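Next up, C-alpha cells for two forms of one chain, structure 1 and then structure 2.
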Structure 1
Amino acid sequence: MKALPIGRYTNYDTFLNRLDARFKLLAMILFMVVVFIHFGSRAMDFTFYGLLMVMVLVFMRIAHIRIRQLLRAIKPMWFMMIFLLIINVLVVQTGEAFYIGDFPIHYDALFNTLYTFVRLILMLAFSLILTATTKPMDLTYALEWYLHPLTFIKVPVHIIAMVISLALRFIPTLLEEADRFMKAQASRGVDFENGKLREKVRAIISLIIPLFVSAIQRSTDLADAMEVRGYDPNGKRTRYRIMHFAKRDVLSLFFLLAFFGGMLALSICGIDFYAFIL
C-alpha cells in the first residue's frame, strides 16, 4: 500500500510543481471533461486517447512519477473491469460479432469495456499528477478560491475546504496504518490471499475494524488539538502565503483553453480528422 501515491506530494523543483494550484485544479477538471468527449468514430476516439496518453506520460516524467506506480494504482480496478466486461458481453447485442462455440460476443461490448478502462486510466493518471505536484494546503486554497462566490449565499466554504484538506492529509497516513495492520495480522497467522470466502471475510474484518478505530481516534485527537489552539471555523481567516498567478500560469491557461476549445469544436462539428487530412 505504500506504493500507492494518491495524496502524496513529492517536493521536486519542476515546471508542474511551480504552476499555480488553481490552474492545475482547473486543468484536471477540463481534462476530465475532455476524456469523455466522443468524436463520432472509434478511430478518432482512440487516436485522441493515444494523444492524451502521450501527454500523460510526458507529465508523469516531469513529475517524477514512475509507470509502475500507475500500474500499481490500477491494480485494484482489474476485478471491476472483468465484471464490467462480463456485463457488457451479456447485455450489449449490437454490431458485428464473433462466436465462442454457440455464444456470440459482439465487438461493441469489447469496445465499450475498453472505452471505460482507458478513461479510468487517464483520470487516475491526471489525479496522480495533480496530487504529486501540488501541496495539499495549496490544493485546499485553490478549491476555496473557486468556491468563494458561494459565500454570498451563506455556504460554509472554508469549512468544506478544511474538511477536504484534512481528508487529503490523512490518505497517506491511513494507507501506512493499513499496511502496518496487515503485517501485524499476517504475523498472527491471518492469510489475506488464500482460503475460502468466509475466511477472507474474517481476514478483511480483522483489518477494517482496527483501521476504523484508529481513524476515529486520530480524528478525535485532531479535533481536540484544533480546539485547544483556539480554532474557530466561523472566524475570519488570514493567510501567511497569498497565491498569485505568474506568467507561466497565464500562458499555460491560454494553451489549456485553446486545447479544450479545439477538442470541443471537433466533437460538436463532427469533423473526421482522417478525412480532413486526406
Structure 2
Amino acid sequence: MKALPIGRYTNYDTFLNRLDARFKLLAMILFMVVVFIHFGSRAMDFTFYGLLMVMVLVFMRIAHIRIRQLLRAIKPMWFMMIFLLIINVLVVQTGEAFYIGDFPIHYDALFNTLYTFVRLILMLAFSLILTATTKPMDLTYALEWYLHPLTFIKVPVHIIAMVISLALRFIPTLLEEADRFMKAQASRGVDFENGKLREKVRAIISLIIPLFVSAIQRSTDLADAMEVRGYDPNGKRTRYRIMHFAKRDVLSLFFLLAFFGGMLALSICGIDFYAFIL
C-alpha cells in the first residue's frame, strides 16, 4: 500500500507517542503560529529558525523519523519555490541590490523567498512529527474535544467526529480497492501511464466510477451494520476511549507555553541580541 503524503503513524512507544493527542494538536498549532513571528532583525529571525530546526531534528530523532522522509515531503515544493523566487525577484524592488548584467536583483526578494521556504519546511516537519506520533483516531478525539464547546450552538460535533473516524477507517480499505480496480482495468488493456491527456482522463474515469459505486455500496452496508448495533446519531452514548492528561502532558504544556510566551515577548519588544554584541 502506498504511503499517505504527509506521513503515517509509526507504532513506536516513544515519549512523543505517549503524549496526549490534545496537547500535541495544540503544540503543533502554536508552533505553526510561532513560525510566523518576526523579531527585531533578520539575523534574529534566522537564529530563531535555526533553533526551531534543531528542535525539529531532536523531535524527529525521538520519534524515529528519518530525515529522508522530511526531504521526500519537501520534494514536490521545489517547483513552487523556484516560481516564488522568480515572482519575488520581479516584484520586490526595495532595498539594496546586486546586478546580473543590467538586471537588478534585490536582496529583499531573495530573503522573502527564503523565509517562505524555511517556514514551509518547518510546518511540514511539525505536521510530519504529529502524524507520525499520533494515531489518526486519537487526533479525531482531540479535535472532538476542542470542538466540544460548539455543541452549545447546536453543532453536531460527535456526529462530525464519527464521520471523520469512519472516513479514516475506510482509507486503507478504499486504497486497497483502488489498487485492485487499477490492476483489473490494466489487465483489460487500460493504460494509466502513457497517452495524451484525454486518454489519461478516460483511463482514470474507468477507475473512479467503479470505485464510487463500491464506496456507496459499502456505505449502505455500513449504515445497516451501525443501525442494527444500536447506533443512534442523536442518542446518548457512553465512550470507550477516555483521554487523561498525564503529568508529562502538564509539564510539556508548561514548557510549551513558556517557550511560546518567551518568543512572543521577544518579538513584541523587538529586542535584537546582535545589536548588543556588534
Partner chain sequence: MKAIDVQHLWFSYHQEEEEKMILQDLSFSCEQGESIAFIGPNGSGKSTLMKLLVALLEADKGKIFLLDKELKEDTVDFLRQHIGIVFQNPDNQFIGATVRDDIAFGLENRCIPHEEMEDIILKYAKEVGMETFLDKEPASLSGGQKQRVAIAGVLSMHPKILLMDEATAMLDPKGRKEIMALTKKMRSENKDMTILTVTHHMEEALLSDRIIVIYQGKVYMEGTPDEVFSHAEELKAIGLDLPFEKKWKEELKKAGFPIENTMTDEEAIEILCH
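All residue numbers here follow the sequence of structure 1, with the first residue given the number 1. Think of the rigid core as the biggest set of C-alphas that the two forms share within 1.5 Å after superposition. Since this is a predicted model, take the numbers as computed values, not measurements.
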{"query": "Between structure 1 and structure 2, the form predicted together with its partner chain", "finding": "2"}
{"query": "Ser165: Cα shift of 2 Å or greater between structure 1 and structure 2 (core-aligned)", "finding": "yes"}
{"query": "Is_shifted Ala203 between structure 1 and structure 2 (CA, 2 Å cut-off, rigid core)", "finding": "yes"}
{"query": "Threshold 2 Å Cα movement between structure 1 and structure 2 at Ser214, rigid core reference", "finding": "yes"}
{"query": "Backbone CA shift between structure 1 and structure 2, Glu176, after core fitting (angstrom)", "finding": "7.8"}
